[in-house]
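Below sits a lone chain in structure tokens, taken as the form predicted alone.
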């Protein structure tokens, strides 16, 4: 059991080794700490922006997506989308918005746990945080594609608008409506978290792999 636990959690750092090379072992912990704080704080910042230009709105309409809610001119945009047969924006990613804060808290705790696991299994704990930015983009594209390709054929302007896939990032639009979409500060904070976790594992491996190899060699010597 002790051997299994050691292989999962990894070897502990000897007190003397920790005193002489403190920064070697503190560096990955600090990087993981900064990364998970970035991810947690990203909850309060926008992940995605869209500006819509329409003839009846010369100043434009704005939509801002946070991980757990939508902000901006949601009602007005829903009104325009109604004419082309697109469903209300609030129906998109309802489960994701409900679960997102708890999911980010879980990823925060998993990255924290990775700092205390001194073996290769630490990567599995941090994998959700690393892949989260790609998951967000994939989910956003899925819902925009689903909404754009499933227009209501009974809508007032259904005959003049063919199904389409809205642009996730950059310029887009349909008919007389023009859009410009960008990724927000919150999203880039999540990207920063993922990048820092990857960097953290470089220092994590440098610090703990020699100890892991020493512990493995010692077990082999005892069993020989």
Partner chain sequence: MKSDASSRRTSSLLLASIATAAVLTSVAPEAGAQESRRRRGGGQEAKPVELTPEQVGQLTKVANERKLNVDDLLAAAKTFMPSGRHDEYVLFASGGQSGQMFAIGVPSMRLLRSIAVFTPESWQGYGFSGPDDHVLKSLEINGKPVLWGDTHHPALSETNGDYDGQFLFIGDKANARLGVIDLRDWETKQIVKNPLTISDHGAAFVTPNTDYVIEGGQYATVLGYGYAPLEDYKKSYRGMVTMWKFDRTKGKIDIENSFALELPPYWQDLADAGKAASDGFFFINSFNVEMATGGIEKGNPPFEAGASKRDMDYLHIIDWKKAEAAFKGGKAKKINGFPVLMLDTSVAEGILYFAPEPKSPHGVDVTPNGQYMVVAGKLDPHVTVYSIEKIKAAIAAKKYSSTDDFGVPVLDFDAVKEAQVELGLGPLHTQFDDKGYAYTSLFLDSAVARWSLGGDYAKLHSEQPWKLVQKTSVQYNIGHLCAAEGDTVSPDGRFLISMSKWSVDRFLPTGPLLPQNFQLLDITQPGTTMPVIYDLPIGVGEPHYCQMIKADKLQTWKVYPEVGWNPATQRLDPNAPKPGQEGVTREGNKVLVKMVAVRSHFTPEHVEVNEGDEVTWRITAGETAQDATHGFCIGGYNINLSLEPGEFVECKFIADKPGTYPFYCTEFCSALHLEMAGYLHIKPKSQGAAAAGQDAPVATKAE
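A quick note: this is a predicted structure, and the numbers were derived from the prediction, not measured. Residue numbers count along the first chain shown, from 1.
One more form of this protein should be noted, the form predicted together with the partner chain, which is absent from this view; the next part is about it.
The candidate stretches are 80 to 88, 123 to 131, 136 to 144, 95 to 103, and the one lying within 4.5 Å of the partner chain in the predicted complex by heavy atoms is 80 to 88. Interface membership of residue 213, defined by any non-hydrogen atom within 4.5 Å of the partner chain in the predicted complex, is ruled out. Among heavy atoms of residue 40, some come within 4.5 Å of the partner chain in the predicted complex. Taking the partner from the other structure, the partner chain in the predicted complex has no heavy atom within 4.5 Å of any heavy atom of residue 164. Although the partner is absent from this view, residue 30 contacts the partner chain in the predicted complex, with a non-hydrogen atom inside 4.5 angstroms. In the predicted complex, the partner chain lies within 4.5 angstroms of at least one heavy atom of each of the following residues of 52 to 77: 53, 57, 58, 59, 60, 62, 64, 66, 71, 72, 73, 75, 76, in sequence order.
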